[in-house]
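The structure tokens that follow cover one protein chain in two forms, given apart as structure 1 and structure 2.
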Structure 1
């Protein structure tokens, strides 16, 4: 029969290893383990040991490109500073949205009353949004995209109107460089075929 306590001892060896690792790793990475991008990367790599804790909010884990949080509307800025929103008010995002939190009033020409491809109002009830990303996925005009900014806690309800939702194309290119490059290439190709046809 085994000595009573052998199993406990075996387990304690594991805890002891974790305990010492937390000091050894701190010493090994002296001064660089915390509050530096390398240190943070090390702590979420396959070799991570010791303390895993991220000192939020002083330190923030960089989010991957595909990270998605609350959508925003992309606008292009001309040299004169004029903002043109990409959205054509086609309504696809409003139809695809699972909790139905996108509300769009289609724009109309004040003279003729005919619909124009511009939203008059665009509202997202961000408290109902489930961050699924469908709106960005299925928008045919690359006009609505998912944000990376997750620090949106507030005291009231987050009812976002068109102004609050608008962000420049530059910002989009910054947070999602690969996606942006791919979409730009696709748009250029489309424009080229169109030009060739004309």
Structure 2
């Protein structure tokens, strides 16, 4: 019986040490331990003492560049502000999607009725999406990319339509700068090769 009491006491002492270390570290950092990038980095390091949990939602751990969540559609903006969606409604993303949560309706010319390389409708069911990134991986036009925004909780079903999914290319460059730089270099090289052949 005495042995069990010592074990409980040792456990309580560990808890008390963390409790008091938190206050001592708060005094040492004096207002910079929480809600600052330096404080978050310190609490994530091996040198952290006391409480080191992230105070979500006021604080958020920075996500790595390769983090992926719900896909979004990329559009390019001209100098006049005109939006040109990269998607040609080829349907490769819908075919590659394991849970089959992407639905595309190809657009058509209102005068001739012939199909045009733009989606009239593009829907992703975020409740089914498993965030695998196959749609972005297989898209030949770099029209669909994986987002970093993971705070999309809602009271209803998350059926995201084309307007909700569209984000500018500069947004993609902000969240994935290294990937964007590689893609832009490949595009420039391709354009240079094409110009040299012409």
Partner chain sequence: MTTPAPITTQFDLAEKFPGTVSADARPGYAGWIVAPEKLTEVAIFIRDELGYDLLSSVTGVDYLAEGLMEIVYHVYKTSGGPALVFKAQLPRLDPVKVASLTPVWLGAELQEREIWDLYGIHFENHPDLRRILMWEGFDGHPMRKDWKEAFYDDEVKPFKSRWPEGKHAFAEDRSPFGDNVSFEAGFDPEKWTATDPEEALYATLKKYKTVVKDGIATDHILVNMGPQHPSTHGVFRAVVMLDGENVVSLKPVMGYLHRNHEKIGERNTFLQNMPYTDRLDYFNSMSNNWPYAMAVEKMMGIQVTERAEYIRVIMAELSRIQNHMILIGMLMNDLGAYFTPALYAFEERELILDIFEAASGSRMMCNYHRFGGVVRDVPAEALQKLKDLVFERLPGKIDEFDRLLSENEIFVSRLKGIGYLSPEDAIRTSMTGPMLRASGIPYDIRRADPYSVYDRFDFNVAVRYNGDLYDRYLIRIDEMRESIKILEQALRQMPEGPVMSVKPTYQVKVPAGEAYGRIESPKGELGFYVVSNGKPNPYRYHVRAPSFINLTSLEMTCVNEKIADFVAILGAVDIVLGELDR
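This is a predicted model, so every value here is computed, not measured. We call the rigid core the largest set of C-alpha positions that still match within 1.5 Å between the two forms. Positions refer to the first chain, counted from 1.
Colleague: I want to make sure I have the labels right. Is the form predicted on its own structure 1, or is it structure 2?
Modeller: It is the second structure (the form predicted on its own) rather than the first.
Colleague: After fitting the rigid core, is the C-alpha of residue 25 off by 2 Å or more between structures 1 and 2?
Modeller: Comparing the forms between structures 1 and 2, which are aligned on their rigid core, residue 25 does shift its C-alpha by 2 Å or more.
Colleague: Residue 44: after superposing the rigid core, is there a C-alpha shift of 2 Å or more between structures 1 and 2?
Modeller: After core superposition, the C-alpha of residue 44 moves 2 Å or more between structures 1 and 2.
Colleague: On a core-based superposition, does residue 185 travel 2 Å or more at its Cα between structures 1 and 2?
Modeller: No; residue 185 is a residue whose C-alpha shifts by less than 2 Å between structures 1 and 2 when the cores are overlaid.
Colleague: Please give the CA displacement of residue 110 between structures 1 and 2, in Å, after core superposition.
Modeller: For residue 110, the alpha-carbon shift amounts to 2.4 Å.
Colleague: Quick one: CA shift at residue 15 between structures 1 and 2, core fit, Å?
Modeller: A shift of 7.4 Å at the C-alpha.
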